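Only one chain is given next, in structure tokens, and it is the form predicted on its own.
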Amino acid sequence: MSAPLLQVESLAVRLQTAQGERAVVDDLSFAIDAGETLALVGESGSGKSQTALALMGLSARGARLGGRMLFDGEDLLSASAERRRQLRGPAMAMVFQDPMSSLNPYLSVGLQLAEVLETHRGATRGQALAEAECALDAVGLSAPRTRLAQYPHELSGGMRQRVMIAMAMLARPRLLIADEPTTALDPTVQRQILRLLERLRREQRMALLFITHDLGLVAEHCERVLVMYAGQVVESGATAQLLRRPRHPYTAALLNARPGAGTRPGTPLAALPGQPPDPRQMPPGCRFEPRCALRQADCRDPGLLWQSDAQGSRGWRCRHPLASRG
């Protein structure tokens, strides 16, 4: 059995803020194989984007990282800054969450795409622009030669997102991290973007780490899923099994918050009470316990264990499936 393309072991990310140091990712472990799609889900502030930035070597200045991140056997945390720059592009690339602010407003689309090939392949400007035009055509952008001369403000949100995908794919990465790649896009464009990512994954046998809060998209496009809460994974497993029969109350709450097929317009959705915990004062034991309707006294036990099997979960009482609307 071959080793995973990416192996993350006990990753921790701590950021410096005006209020002091705070842990935004804690004891995170997962693996992803070549050609596989893995979803990372959870509400805002759960640590999804910070995990992606740590993988890319783009964490905020002053961040402290611990654990291990092995990409094809190479430890990323011990790699030099120059080595990390070399890996960004050919090894791993990222489609950022906000296409409105991810492109340089002062440079044309063509120059920003050409820079990828000039940096990583030593291509000439002419060669790079020619390949960039082909890349824009491959992601379904109309009039690709015209787009090369345009600036980001001249493109719609969906068009800019396609440019970001083309830029990420130019160096043919082995791992693509897509951080909320369909945020603020209308449903038609969402489906076009997701079909595009799926096609590129199949054609290039690329691994895809798909970060989202939309469990409907996860059900359609991902083979496995990790559910994060307050910087930790609380449940993981095969997508169909986990979404059908969740074990952790947080996963069940996320599923129950979705509108069902028979939900009438105007019907209030189920909402989680309270707020995620302050990263500087995490509760002991299960971090979801203060908001959980099923909490018990032993949920606050600091010795809380990860129940590891085909559908892993964090907690004493999370061995058995919970009811969910599915």
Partner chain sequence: MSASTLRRLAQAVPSLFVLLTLTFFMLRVAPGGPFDTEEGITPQTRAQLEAAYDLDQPLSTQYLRYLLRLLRGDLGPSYQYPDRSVNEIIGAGLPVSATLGSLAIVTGLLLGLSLGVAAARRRDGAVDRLVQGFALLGVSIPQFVSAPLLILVFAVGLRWLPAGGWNGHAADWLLPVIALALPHVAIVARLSRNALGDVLQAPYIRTARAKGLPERLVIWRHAMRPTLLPVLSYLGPAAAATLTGSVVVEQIFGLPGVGRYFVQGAFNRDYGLVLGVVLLYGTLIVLFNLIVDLLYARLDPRLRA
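Values in this document were obtained by computation on a predicted structure and should not be read as measured data. Numbering follows the first chain given and starts at 1.
What follows is about the form predicted together with its partner chain, which we do not show.
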query	finding
Partner-contacting position among Arg201, His213, His120, His221 - heavy atom within 4.5 Å of its partner chain in the predicted complex	His120
Contact residue in the predicted complex, from Gln232, Thr183, Gln112, Thr239 (heavy atom within 4.5 Å of its partner chain)	Gln112
Contact test in the predicted complex: Tyr250 vs its partner chain, heavy atoms, 4.5 Å	no
Arg88 within 4.5 Å of its partner chain in the predicted complex, heavy atoms	yes
Val225: touches its partner chain in the predicted complex, heavy atom cutoff 4.5 angstroms	no
Residue contact check: Ser102 to its partner chain in the predicted complex, 4.5 Å heavy atom	yes
Answer range among 201 to 209, 186 to 194, 103 to 111, 69 to 77 for contact with its partner chain, defined in the predicted complex as heavy atoms within 4.5 Å	103 to 111
Triple contact flag Leu53, Leu58 and His153 to its partner chain in the predicted complex, non-hydrogen atom at 4.5 angstroms	yes
